[in-house]
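In structure tokens, the next block holds one chain alone, the form predicted alone.
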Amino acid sequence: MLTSICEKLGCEVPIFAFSHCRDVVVEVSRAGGFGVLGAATFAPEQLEAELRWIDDHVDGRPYGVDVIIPTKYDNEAEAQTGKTDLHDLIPDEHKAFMERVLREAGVPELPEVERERVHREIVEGRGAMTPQGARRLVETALDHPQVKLVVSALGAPPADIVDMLRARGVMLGALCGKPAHAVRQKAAGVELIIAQGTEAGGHTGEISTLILVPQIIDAVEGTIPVLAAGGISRGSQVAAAIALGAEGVWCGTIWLGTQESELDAFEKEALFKAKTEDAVRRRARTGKPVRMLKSALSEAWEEPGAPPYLLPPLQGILYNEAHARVVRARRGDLYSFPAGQVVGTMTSETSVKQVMYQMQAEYIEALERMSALMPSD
């Protein structure tokens, strides 16, 4: 499984693990893969603490950081980041709608101390989902020499960020849902493309992985390494991605059901109960299409009379405060979390090591099946 991207980044197998959990990042990297910490909702101070911990536990191995640099966002929120409480910029109509949905569902408010803590963490983190906020996260990441890859999750990165990363010898990657996006990313100076099919969790487009990967490889004319993302949790799918021309895979949802995941027992059980068709694309979480678990809360925003979605970061601030109440109340009927279609294959808790071992073993089995089909003479 050693491809050129492994040689460039210093990992042993081209299995890239996107996770908001530092433990997953560490365990994947220690198992020979390449962990990437999802930092979009971190404040710079929190990111600094997380990266210091990873540095101390990853045995000197390289890893990456993923940030969101949106091309569409609330300009007033961008200007006021760090100056005022961004929650104050959310229209009263939207606050009232969310409160009504939760009240009618019988979800209690958070205790005052908990509410203040959650409110502060969400506002500080979602404030990073603006171009200037993303710059602060990139600057924090560059203080850590073991960070060898920074990935832009939305839109082409600004020229100053590209120059900043190149000057430090850090590879720049980007997620793309269309061939045209990949062309723009290449022109912007991106060095690694993650072709993210619609099956993926989180922000995703409408084209399936099987179709998208070769299209993006053709679009960049084979000049940039491409990873396949979306619907990948098995070694046979890794083999398929390599056969399509990708140099590796990018996985996210599969790590949510591991012992190391940041999710608690209630949240994991919600994932294990979910079917493939329960992973739907909705804009309620961030204002942009996100594949997430379908719930009464996500669907309330699809009903007639619901207010229009807010631009990042304000929709995320509004939604995630409600999400905290749902989790505390243990309301599975209202629980939504970003998850890809592979959620339907996850039925019980595993470990990062188990997932890594199984994917590599299945990869070898897939190659052996293919080899058996070749003529013997």
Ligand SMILES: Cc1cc2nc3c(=O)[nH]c(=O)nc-3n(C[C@H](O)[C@H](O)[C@H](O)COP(=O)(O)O)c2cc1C
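Sequential numbering from 1, following the sequence displayed. Predicted model, so just to flag it, every value in this text is computed and none were measured.
The next section is about a form of this same protein that is not shown, the form predicted in complex with the named molecule.
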Exactly one listed stretch (92 to 100, 229 to 237, 212 to 220, 294 to 302) reaches within 4.5 angstroms of the named molecule in the predicted complex by non-hydrogen atoms, and it is 229 to 237
From A270, V150, L175, L137: within 4.5 Å of the named molecule in the predicted complex by heavy atoms is L175
Can you tell me if A246 lies within 4.5 angstroms of the named molecule in the predicted complex, counting non-hydrogen atoms only? no
Could you tell me if G340 has a non-hydrogen atom within 4.5 Å of the named molecule in the predicted complex?
-> yes
- Query: For I68, is any heavy atom within 4.5 Å of the named molecule in the predicted complex, or not?
  - Reply: yes
Heavy atoms within 4.5 Å of the named molecule in the predicted complex: does R22 have any? no
Contacts from 194 to 229 to the named molecule in the predicted complex (any heavy atom within 4.5 Å), listed N to C, are Q196, E199, A200, G201, G202, A229
